[in-house]
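Take a look at this single chain, the form predicted alone, given in structure tokens.
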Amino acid sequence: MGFGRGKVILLGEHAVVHGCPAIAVGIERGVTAEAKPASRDLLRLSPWGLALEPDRKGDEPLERAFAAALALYPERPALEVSAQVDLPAGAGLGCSAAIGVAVLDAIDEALGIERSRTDLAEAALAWEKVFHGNPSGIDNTMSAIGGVALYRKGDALVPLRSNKPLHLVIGYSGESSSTKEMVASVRRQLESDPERVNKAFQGIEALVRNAKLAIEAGDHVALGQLLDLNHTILSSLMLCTTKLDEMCQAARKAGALGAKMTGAGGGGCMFALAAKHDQALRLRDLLGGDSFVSEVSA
């Protein structure tokens, strides 16, 4: 069975687009997939009820991504791949990368190909390029490998180590988000008011550096405070919706160590950091909806 994790950016989104570092984690929830020989190539995606054939030039990104994935296997039988997606799409949790990693992992297993998770992450870039043109590589890498890592565009991921797991509660606002539109919005702000936006990026970079130290020291109280500050800066860039802000405030009032939006903003998801697993479960129940708990070991 192939598997690709979802991902959460702890700190640093948007600033990372402009050369600053970010910290991301691979979560337990993601996409599972199975491949088997068939009469024709087909990708089935549940729970969406989609059945897609590969198409190198079509308008459907998933069909083009499937074609790109199959092109990595020049000598093979026709394959039917069935994937179960357990992540909301367009919500900042790396859904497209998780599908790609799971699909390639399933094909490898069906064809008897042994590949390291690092090599699997590299192969999944072909899938991600269909969706994002020039992807950073953070989504597919975290999806394949998991853990906690520091990332700066153009550099290799730096794994972070700690003797304390992170208890995260991920909440979905129910609002769809467009990464492309949100990135463009921040770029327009940067062009019109470079002093203000560059100051925001510098503040985010300082938070990321301190968060790295807090994670390595197992100081989750300090990490929570840094998350709250990062959320405030992202809100100042007009990235946080009323719904996301209300969810973060509710989590903090209920005892979360910190809470912030994650991903592009304009909708999508937020997350809260809990001190312990039982508190994470209480926060999940408070946030309701499609909220879920994920424990991440650094």
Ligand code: MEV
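So that the term is clear: the rigid core is the largest set of C-alpha atoms that superpose within 1.5 Å between two forms. Each residue number is its position in the shown sequence, starting from 1. Predicted model, so just to flag it, every value in this text is computed and none were measured.
Omitted here: the form predicted in complex with ligand MEV. The next part is about that form.
Asks: Just one stretch in 23-31, 63-71, 259-267, 46-54 has heavy atoms within 4.5 Å of ligand MEV in the model of the complex, so which one is it?
Replies: Answer to the contact question: 259-267.
Asks: Work out which of Val169, Ile107, Leu223, Ile138 lies within 4.5 Å of ligand MEV in the model of the complex, going by heavy atoms.
Replies: Exactly one residue meets the criterion: Ile138.
Asks: Only one of Ala126, Leu160, Val183, Leu190 has a non-hydrogen atom within 4.5 angstroms of ligand MEV in the model of the complex; which is it?
Replies: Selected residue: Val183.
Asks: Answer for Ser82 alone: is it within 4.5 Å of ligand MEV in the model of the complex, judged on heavy atom distances?
Replies: Flag for Ser82 set to no.
Asks: Even though the partner isn't displayed, in the model of the complex is Val16 close enough to ligand MEV, meaning a heavy atom within 4.5 Å?
Replies: Yes.
Asks: Does Asn210 reach ligand MEV in the model of the complex, with heavy atoms at most 4.5 Å apart?
Replies: Flag for Asn210 set to no.
Asks: So in the model of the complex, does any heavy atom of Ile9 sit within 4.5 Å of ligand MEV?
Replies: Within the cut-off, so yes.
Asks: Relative to the superposed rigid core, does Arg161 relocate between the shown form and the other one - that is, does its Cα move 2 Å or more?
Replies: After core superposition, the displacement of the Arg161 C-alpha between the shown form and the other one stays below 2 Å, so no.
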